[in-house]
Ligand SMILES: Cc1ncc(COP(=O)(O)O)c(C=O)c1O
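The chain below stands alone, shown as structure tokens; this is the form predicted on its own.
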Amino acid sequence: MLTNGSNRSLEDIDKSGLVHAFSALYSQKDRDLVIWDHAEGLWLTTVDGDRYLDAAAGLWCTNIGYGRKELAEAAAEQMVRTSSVHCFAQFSNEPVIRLTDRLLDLAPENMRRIVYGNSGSDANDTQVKLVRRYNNVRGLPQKKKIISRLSAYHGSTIASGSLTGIPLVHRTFDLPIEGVLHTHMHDFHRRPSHIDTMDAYVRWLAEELEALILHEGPDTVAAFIAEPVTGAGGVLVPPEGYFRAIRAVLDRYDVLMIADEVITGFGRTGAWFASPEFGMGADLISVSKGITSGYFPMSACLISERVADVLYGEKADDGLFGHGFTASGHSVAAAVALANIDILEKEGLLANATRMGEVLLRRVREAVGGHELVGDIRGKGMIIGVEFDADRANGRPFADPTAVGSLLSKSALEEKLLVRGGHGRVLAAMAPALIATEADIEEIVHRFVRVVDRFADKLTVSGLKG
């Protein structure tokens, strides 16, 4: 047992004891470690003094940027006032009550109730339970299956990891669990070869979903879950009319729509919530990340009138709701969320996300859109994705996206630019803080051009382009 960690370097302690999320465990000991010391705005500084430009807002979450004292002060003040108080049974606290009122005011008008949690994963896990309870109370015990989509990311718990449509999250965990199904993702760049137009593609996707529901039996299918704009699975913006076509299918078979707004919520696409603009007609909405800009763990499940009326109408056992977490509705988290929303509103960051997002998309297209390796550039608001192809002319993807993606990631780190990847594809996703200025955008694009050049050189040497 270690008794004096101070005699060892931070890197030694980390590599001998810390399990890193979404990392290659076997080779972790051989990888260079980046240890952050402090952060401000869009910049992160390591313990060695190296500065990185974060074009990904951490894990898509620091919407108001790093180092905002307003949130630290709100947290400190509330910690002194209430420390850790819970919201079980009849107990509550002022910050979470005020946050609830504010969120319901900002949310789509059909939302009525909120269940709080700690992360996007547990929010989507909670949605699974809400869907099950909803149909049990309605006397439909067989109606429990949930349809997600391939390439979707919804979390990494047992339930949310099952909803996720990425093999990496299922690998060695015996996922997905029974009752979770997957249909096609909207990905026009990788569409089937027989489809030429966007309208035809939307029809095909809706028909595929309907066929799956009919195959399983409409009396067994309870809900469909989707991100308005797909994040980790590829920054995939839905085609015009896609969600309206999907919603029409769901309505035919009494299937709920769950909008996973963990990434898109709180300004990322230029609106408080992205789902209304795309016509999702959500019955349930999951949020996290941007609710506190990642400064404090918090999530929320927004429940529509349609679902809430059923849940609150149950008389058996007085409608006992046996669900919650120790930190559900945490007063400090709620205080931080309120301060975060204040900044988003007062500084006009939703409008800035729209404005600067358009600049970012245009500048990236101008700078690298003609590169032989760039297959597609897409985005909405302050979230864009640049996808690389082995054969641009024919839209052919790389045979080994993991290995090639590692070259891209290494190239970005060497230029001290932080971007996100895309599981199962070679992608550079950029989602900077919503405070980004035009000068910030220019610096991001300037560095990204060098990243693409480095990547092309590494790819040539590696022999992986094939």
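Just so it is clear, the model here is predicted, and its values are computed rather than measured. Start at 1 and count along the sequence shown; that's the residue number.
FYI, the form predicted in complex with the named molecule isn't displayed, but the following is about it.
K.L.:
Would you check, heavy atoms only and a 4.5 Å threshold, whether Gly155 touches the named molecule in the model of the complex?
P.N.:
It does: once the named molecule is placed as it appears in the model of the complex, Gly155 has a heavy atom within 4.5 Å of it.
K.L.:
Given that the named molecule is not shown alongside this chain, does Gly165 nevertheless sit within 4.5 Å of it in the model of the complex, heavy atom to heavy atom?
P.N.:
Gly165: no contact with the named molecule in the model of the complex.
K.L.:
Does Lys289 reach the named molecule in the model of the complex, with heavy atoms at most 4.5 Å apart?
P.N.:
Judged by the heavy-atom cut-off of 4.5 Å, Lys289 is in contact with the named molecule in the model of the complex.
K.L.:
Given that the partner is absent here, does Gly357 sit within 4.5 Å of the named molecule in the model of the complex, heavy atoms only?
P.N.:
Taking the distances in the model of the complex, the answer for Gly357 is no, it never comes within 4.5 Å of the named molecule.
K.L.:
I need the one stretch from 342-350, 198-206, 259-267, 179-187 whose residues put non-hydrogen atoms within 4.5 angstroms of the named molecule in the model of the complex.
P.N.:
Among the listed stretches, the partner-contacting one is 259-267.
K.L.:
Pick from Glu387, Glu227, Asp283, Asp125: which has a non-hydrogen atom within 4.5 Å of the named molecule in the model of the complex?
P.N.:
Only one option qualifies, and that one is Glu227.
K.L.:
So which of Ser148, Gln78, Ser275, Ser121 reaches within 4.5 angstroms of the named molecule in the model of the complex, heavy atom to heavy atom?
P.N.:
Of the candidates Ser148, Gln78, Ser275, Ser121, Ser121 is the one lying within 4.5 Å of the named molecule in the model of the complex.
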